[in-house]
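Heads up, the chain below is alone and in the form predicted alone; it's given as structure tokens.
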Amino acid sequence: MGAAKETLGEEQPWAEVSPDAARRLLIAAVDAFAERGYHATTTRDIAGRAGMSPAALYIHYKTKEELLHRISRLGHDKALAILRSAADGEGTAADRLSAAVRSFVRWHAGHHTTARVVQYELDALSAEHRTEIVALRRLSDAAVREIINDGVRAGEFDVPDVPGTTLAVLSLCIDVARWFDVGGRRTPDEVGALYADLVLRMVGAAPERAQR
């Protein structure tokens, strides 16, 4: 499944990107980067996948790296919005951690092609753009850490090392993009539910304490 079909119920993937030619190029870049890796992909590869000439690409993106930055920024903004929404939501810490993991995993499974590029091509960004994306990743880390800290203070969680556990939770969720297979036994929703259960056990909370 390519980036153009990773909708998870959305009317149009990458709808925030305009005009249509820029969106087509971005979708083509996601597929090319995921399949070949950033460094092995050429602007000609991207333009060809989009059904456009190489010259047309430069009308919308000055460089290949600018395309990667746009993909990475949109993906990390989405990830942060998912986690921040859960952190700011109602319910116990267990409820909120379960919601965060379910939604975060669901996105990484349902958008696994995009997520692989977003999560694993960070080092290909320029120093300036990498600094920007790392700041967003730290905000995502902070959202999960906030929930876990709330659970520890409330006596819901037994977590001796909150920063380390936060890293483990995020790493577990992100890695779904690496192995998820649309032809596999579980749907994105089912993987999200499984991982929510696993993470609650990780922090010492009984899964039944979180709302289903």
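Throughout, we count residues from 1 along the sequence that is shown. Note that the structure is predicted; figures quoted are calculated from it, not measured.
We do not show the form predicted together with a further copy of the same chain, though everything after this point is about it.
Thinking of Gly164, Trp179 and Met202 as one candidate spot, does a further copy of the same chain come within 4.5 Å of a heavy atom in every one of them in the model of the complex?
-> All of them do, each having a heavy atom within 4.5 Å of the partner.
Select, from the options 156 to 164, 66 to 74, 23 to 31, 47 to 55, the stretch whose residues sit within 4.5 angstroms of a further copy of the same chain in the model of the complex by heavy atom distance.
-> Looking at the other structure, the answer is 156 to 164.
Is there a heavy atom of Thr42 no more than 4.5 Å from a heavy atom of a further copy of the same chain in the model of the complex?
-> Outside the cut-off, so no.
Looking in the model of the complex, any heavy atom of Leu198 within 4.5 Å of a further copy of the same chain?
-> The answer is yes: Leu198 has a heavy atom within 4.5 Å of a further copy of the same chain.
Would you check, heavy atoms only and a 4.5 Å threshold, whether Arg137 touches a further copy of the same chain in the model of the complex?
-> Heavy-atom contact with a further copy of the same chain at 4.5 Å: present for Arg137.
May I ask you to state whether Glu35 is within 4.5 Å of a further copy of the same chain in the model of the complex, using heavy atom distances?
-> Although a further copy of the same chain is absent here, Glu35 would touch it in the model of the complex, with heavy atoms inside 4.5 Å.
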